[in-house]
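Let us start with two forms of the same protein chain, each given on its own as structure tokens and named structure 1 and structure 2.
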Structure 1
Amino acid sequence: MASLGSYLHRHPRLRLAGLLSAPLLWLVVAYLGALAVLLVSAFWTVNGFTGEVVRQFSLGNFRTLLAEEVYRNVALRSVGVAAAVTVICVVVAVPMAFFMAKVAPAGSRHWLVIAILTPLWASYLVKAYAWRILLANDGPMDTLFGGPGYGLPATVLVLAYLWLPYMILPVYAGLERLPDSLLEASADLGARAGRTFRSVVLPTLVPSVLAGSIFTFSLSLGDYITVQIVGGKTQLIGNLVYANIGAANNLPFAAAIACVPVLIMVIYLLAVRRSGALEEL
């Protein structure tokens, strides 16, 4: 035991290999491997008669995806929903986080964070279900506001509800690190609140908002459960993928559709990484 320990101590590369082998075997071989297989199978096709996968390279799936208007519309709608959810979350989260970090008395900040945090632990499905009750015909929302009922607006609303804390928390964390003295210095130098916000608060806000947007955007882009619960007949990318695996039994085409959100997210992550927002997570 002791000799092994000292041997390892003298050979840091060996220690590193020991630490990394199992996790990398899992994440690179199993997970990235699975993603790679998925990507490859997107170029395969399914024999229309036997329903068996034909393992021959073909761009047919992607051609269908680009050519047919249905798919283009669903893809655009999904990106639109994800973007709308992100924008709503930013608009609601920034003033809330600002209040929590800079306006609320120091003693109550802790409790406000807990108040935002607690619903995160409540089940995703339970929250979507709560909105199903709220939005039902003759339900509370219908009685009070006369709508919106199930459909696309309901989907955006519920997704924004679900992912709001994921935006508030990083923005709050970012604002909390911004020293109050900077804000005072800005005021002392004659800046009004609006100018201080633009020149001092906003630069610290951007990486935090980007960090939060990874969650709000990606989680909305892949969602197909909430859509089924409150979306009425609305279809998003996730529903198409799901339908092609299940009912249509066309895994290659499902894989081809799934490439769309992956591509969008990879571009998004790489862009965000340049801004240093990944450090904020």
Structure 2
Amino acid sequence: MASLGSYLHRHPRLRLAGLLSAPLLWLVVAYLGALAVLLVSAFWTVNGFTGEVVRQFSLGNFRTLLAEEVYRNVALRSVGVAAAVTVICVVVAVPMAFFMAKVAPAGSRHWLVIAILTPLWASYLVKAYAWRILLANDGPMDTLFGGPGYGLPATVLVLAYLWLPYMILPVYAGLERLPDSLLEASADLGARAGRTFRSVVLPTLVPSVLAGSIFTFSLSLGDYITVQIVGGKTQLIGNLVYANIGAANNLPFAAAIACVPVLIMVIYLLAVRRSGALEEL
């Protein structure tokens, strides 16, 4: 045992490989392996008479997705919901994060971070059903504001509430790294608040917002529980996947539908890669 320890001490790269082997193996098997199985099974079909999976290559599932208008509408609706949730989170998160990073006293900032993280300690379902009570007919929201009730707006509202911390934290981290001396220098040179924001704050803010949007956009794009709880008759991509796995018992078609958000997120990640947003995660 001592000889093994001394051998690893003399070979740091081998020691590093040993430390990383278990998590990398888990990543390859559990995550990349699952994606590979998903992609392969998307090209299978289901026998309409027996209901058994036919493991032969076919593009039928993807032809159906492209040909049927209902699936195109659901995909566009899902992207629209994810984009709306992201925009709402940005509008709310930027002033909150700026206050936490630049206005609040240094001694209270960690308490504000804890306050932002506190909702994440509660169960997803508890928070979603709490919003169902708030949005119900004759509920608090209906009594005070006359709506919105269940439906697409309620889905966007609840998802924005659920994923808001994932936008606040990257923006806060980015703004915290912005030196106060730059803001002071901008003011000393006579720049107004708008010019300071565009020239000093915005270059730091944009990568942080893009980093947060990766979370809010992807989590909203694949969500199916919230829309079932407060969405009424609204259908999103996640609902179609769930329905084809359950009642329809069509796993290959569910896999083909699930490839849509995966493809969208791959394109999105490639688009923001050069912005430096991934470094903010």
Partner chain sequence: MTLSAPARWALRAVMALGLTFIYVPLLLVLINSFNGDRTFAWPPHDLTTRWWSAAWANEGAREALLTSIRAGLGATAIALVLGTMIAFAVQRFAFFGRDTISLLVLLPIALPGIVTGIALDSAWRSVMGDLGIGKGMFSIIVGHATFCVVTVYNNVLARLRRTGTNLEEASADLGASGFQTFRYVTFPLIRSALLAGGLLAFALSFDEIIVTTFTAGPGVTTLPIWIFNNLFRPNQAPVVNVVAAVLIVLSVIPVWLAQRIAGPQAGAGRT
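What we label the rigid core is the largest C-alpha set whose atoms superpose within 1.5 Å from one form to the other. Throughout, residue numbering runs from 1 along the sequence of structure 1. This structure is a prediction, so every number in the text was calculated from the model and none was measured.
Return 1 or 2 according to which structure is the form predicted together with its partner chain.
The chain shown as structure 1 is the form predicted together with its partner chain.
I want to check G194: does it shift between structures 1 and 2 by 2 Å or more at the Cα, with the core superposed?
No; that C-alpha moves by less than 2 Å between structures 1 and 2.
S108: CA shift of at least 2 Å between structures 1 and 2 after core fit?
S108: C-alpha displaced by 2 Å or more between structures 1 and 2.
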